[in-house]
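Presented as structure tokens, the chain that follows is alone, the form predicted on its own.
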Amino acid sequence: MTIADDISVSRADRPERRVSTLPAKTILLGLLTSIIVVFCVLPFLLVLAISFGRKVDGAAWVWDFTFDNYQRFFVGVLWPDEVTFLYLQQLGFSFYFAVIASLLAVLTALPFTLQLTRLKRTSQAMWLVFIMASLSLSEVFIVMGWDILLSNNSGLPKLFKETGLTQWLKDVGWFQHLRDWGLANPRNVKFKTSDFATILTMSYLVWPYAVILLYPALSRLDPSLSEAARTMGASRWTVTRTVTLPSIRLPLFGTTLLLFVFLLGTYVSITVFAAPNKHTTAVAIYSNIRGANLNAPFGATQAIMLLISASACLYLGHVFNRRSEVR
């Protein structure tokens, strides 16, 4: 036996060392978990920690562990001498604008999307590309356009006045109703500032999202069901109420809920079109963190309360969906 044979035999007797390598799925999962922790969990924990901080008069703020900011959010800064619900009222206005704007967006997007699904495939693709392209427009750009359109000097109010429509509204007695609704002054109609302009702009912001979210559910509807109902003598409203809406009940509710949560954080539309006494929590958060107040701990408290409110709405929506599926 040669030396080479001895070496080969000794190598054969040795156990093979297997290099342990982590599977690609484990590495990818760990990477995604790290990204979620760094970009989602840590910022939330940081905001939560700041909410327990304390504002120093004439200076910035310091780290602390006090519940004064949460107490101020619920009962006001003058408690116990005086109870004010200013910040709860701002949260209520956040819900008020978000609920109405999301419902308006869904109610107007539903018939449009339903008609869209009945077009040819090429026409549907063109419309969807156009709608998705509109999502590239920022909120600032959209609000600026609506601001010009609703401006008293260069928008619709001036058009009403120049065409004589304002005078016609006065002659028929409708102008006083517009004044009662806050949509007119003694001389002409106005849309700034008003709830109407605020809700209209907010619903326009999320209208493309409503179409995109409703399109998959509506495109899967069987047209033969509606045709059978129409053949049996049902009207269009009856077909919509008894066939179409029950079939898309869950996607319809889910779309409305998602748009509502999205609109809770609207900032630019509120600052431009809403009256100062109807500003929402999102505007108050910016005012405390970057605006005139410079009270980061209380701004963080408002952000936490807004997040808790949005999470509660999502949870209630999930419970509602579960119960609807069981039924």
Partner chain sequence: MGGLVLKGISKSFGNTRAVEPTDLTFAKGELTALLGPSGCGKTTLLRMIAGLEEPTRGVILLGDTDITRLTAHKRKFGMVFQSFALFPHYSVRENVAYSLIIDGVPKAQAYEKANELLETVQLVGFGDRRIGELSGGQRQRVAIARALAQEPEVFLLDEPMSALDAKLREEMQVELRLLQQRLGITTIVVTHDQREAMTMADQIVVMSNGRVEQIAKPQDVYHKPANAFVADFIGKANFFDGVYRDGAIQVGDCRLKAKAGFQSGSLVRVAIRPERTCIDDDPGENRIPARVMFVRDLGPLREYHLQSEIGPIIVEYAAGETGPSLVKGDTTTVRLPPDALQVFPGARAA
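Positions refer to the first chain, counted from 1. Because the structure is a prediction, the values reported are computed rather than measured.
We do not show the form predicted together with the partner chain, though everything after this point is about it.
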Problem set entry | Proximity of residue 224 to the partner chain in the model of the complex, heavy atoms at 4.5 Å | yes
For this session: Answer for residue 231 alone: is it within 4.5 Å of the partner chain in the model of the complex, judged on heavy atom distances?
Result: yes
For this session: Evaluate residue 104 for contact with the partner chain in the model of the complex, applying a 4.5 angstroms cut-off between non-hydrogen atoms, and reply yes or no.
Result: no
Exercise. Can residue 247 be called a contact residue for the partner chain in the model of the complex at 4.5 Å between heavy atoms?
Worked result: yes
For this session: Just one of 149-157, 239-247, 197-205, 114-122 has residues with a heavy atom within 4.5 Å of the partner chain in the model of the complex, so point it out.
Result: 239-247
